[in-house]
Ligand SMILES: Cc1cc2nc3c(=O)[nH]c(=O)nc-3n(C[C@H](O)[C@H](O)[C@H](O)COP(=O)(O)O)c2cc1C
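Taking the form predicted alone, here's one chain by itself in structure tokens.
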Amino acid sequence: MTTFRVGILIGSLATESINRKLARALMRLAPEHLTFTEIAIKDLPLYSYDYDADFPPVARTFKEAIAAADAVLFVTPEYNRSIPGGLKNAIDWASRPYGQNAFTRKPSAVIGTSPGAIGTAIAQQQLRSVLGFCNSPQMNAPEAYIQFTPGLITDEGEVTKESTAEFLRNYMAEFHQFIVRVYTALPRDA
């Protein structure tokens, strides 16, 4: 069976982010046919089309990492009922200049956690709209809005509640199958 390289974009810039803990948990619970690389967004300058002719090295490296991934997993918090600014900025870098969008035909999935009961639902819907414009096929189900409670996920990514671990394990198995389906319908060499 083919192994797929998944780039993880964590929407929070914070080192101790609960979404970073969730990303670690997802990597631990994923099927063996998925490998992961976090693609850091923290050092990207603010995007401007003034850079389109010559991206700064950090942006060039970032965009190359997106292009090298077989799929992208977005793990995002919700800030003020929206996508974190740093994540939107990263998407802008990877999708520009026009005609050189690194997300085109690249399978993606969106998940997030928050202490609030709606668990990043609004940010995820807005992110899905952006990814739709970027022509990234998206896993639409299962949806995953995780309410984070103290101790739910350790710093190392161990999920302490078995029902949550099982849900996340299933989510990652579904993501693997979604990637397979996308590349069956849209072969990379086409």
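Start at 1 with the first residue shown and count on from there. Please read these numbers as outputs of a predicted model, since none were measured by experiment.
What comes next is about the form predicted in complex with the ligand, which is not displayed.
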{"query": "4.5 Å heavy atom contact, P97 and the ligand in the predicted bound form", "finding": "no"}
{"query": "Contact test in the predicted bound form: S114 vs the ligand, heavy atoms, 4.5 Å", "finding": "yes"}
{"query": "Contact of S17 with the ligand in the predicted bound form (heavy atom, 4.5 Å)", "finding": "yes"}
{"query": "Within 66-95, the residues that have a heavy atom no more than 4.5 Å from the ligand in the predicted bound form", "finding": "P77, E78, Y79, N80, R81"}
